[in-house]
Ligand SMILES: Cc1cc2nc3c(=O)[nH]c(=O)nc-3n(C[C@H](O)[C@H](O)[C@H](O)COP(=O)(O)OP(=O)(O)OC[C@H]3O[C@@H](n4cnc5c(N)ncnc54)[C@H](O)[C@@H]3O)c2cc1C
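Quick setup: one chain, the form predicted on its own, written in structure tokens, and binding and motion questions come after.
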């Protein structure tokens, strides 16, 4: 590893940029004692907060309790890249793979979800630095262009406002020597400050009368036949319904751990770019960006013109939620090297923050809702990296299932079919290690790495 890369981390904070704010809202008190509620939501991230807000919108008389193990936004929601996408299915190509019979209906639901997202932001006055500038998929090699064109044609057939850019045109949008072309999707997508979004939803929920308890981790779910008792270290809530928006956290239901696995994403934030530095790369339209590397990277600009640059996914045994590597500056050097190759004209830009965060990976690569305890509990997860806006849809799907409300998605495979099980440890760890090793270098080296990745795809896992 070059000395120059390590020097660019000299002042780095190993903490999420989004959460490094003095204006974070006050923490709500923990749950102490016994109480009752019409609905308990476990998890104070995007899924839980969207569920709380939408439950009160559906029925303002509902007594809703939200239990958050730590502080709102300090889990996956406050560690995301913050790119907002229309898709509720991890993109159209994944939807073709998993839900070929429901594409038009799911596209409509995705559009309605983003429209509802926008309306909620306006209605509740949420200030989250949202920019609706679209998203770009950039081809980092010439040989990726045929697949990019296929994706473009697929989006066109389904009514998306997309533009296919050649090398010269993409360089005019965002200059990198790697880019051979791009697809720019212009509508219903952009970027958001994820922590401010979560905090805005928290404020909205409180204004609607939701009872929110932070520092109140779930310790046990108790089934009393007609009701559930949700236990925390210092309290408990008796309720007829529980929605679990806990991502990959262990909630004591063995079946969940068989279907969702935590992988770790890694993210860098640069120091704010000066006007002159920003001019070197252009990016006048400020789109959120995904590239076509097998080990995908994504990036976007913040309001103060930092570049948020994410990728370098890893797995730790048993889905360790706090791996020591996240607190080691050297973990992020390789991601820094990728940043330098992507933007070599920014050699004088240093990194201010570096952090890791969980992704709730599932076999179909799209959110699912699954009932437990005879339908009194519904678990929602599996966004596989597309949860910033998809969480609103996931929360609604979970609520409709939990409250037995007729809704369009309940007639589709996304709600009617489940997700397949992922092999247990140590096979899970071994398979993940081989897969992520294959990701590194697969584009350049091919060989067994490409063979392995194609094999995993054929087994039905999203890559």
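Because the structure is predicted, anything quoted here is derived from the model rather than measured. Residue numbers count along the first chain shown, from 1.
One more form of this protein exists, namely the form predicted in complex with the ligand; it is left out here, but the text below deals with it.
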- [ ] Could you check which residue among 228, 174, 106, 267 gets a heavy atom within 4.5 Å of the ligand in the predicted bound form?
- [x] 267
TODO: Note which of 76, 201, 366, 138 lies within 4.5 Å of the ligand in the predicted bound form, where distance is taken over heavy atoms; exactly one does.
DONE: 76
- [ ] Tell me, please, which stretch of 396-404, 412-420, 56-64, 38-46 lies within 4.5 angstroms of the ligand in the predicted bound form when heavy atoms are compared?
- [x] 38-46
Open item on the list: If we define contact as a non-hydrogen atom of the residue within 4.5 angstroms of the partner, is residue 287 a contact of the ligand in the predicted bound form?
Closed with: no
Open item on the list: Residue-level contact is defined here as any heavy atom of the residue lying within 4.5 Å of the ligand in the predicted bound form; does residue 217 satisfy this criterion?
Closed with: yes
TODO: Could you confirm whether residue 69 comes within 4.5 Å of the ligand in the predicted bound form, counting heavy atoms only?
DONE: yes
- [ ] Evaluate residue 91 for contact with the ligand in the predicted bound form, applying a 4.5 angstroms cut-off between non-hydrogen atoms, and reply yes or no.
- [x] no
Open item on the list: Is it the case in the predicted bound form that 80, 83 and 249 each bring at least one heavy atom within 4.5 Å of the ligand?
Closed with: yes
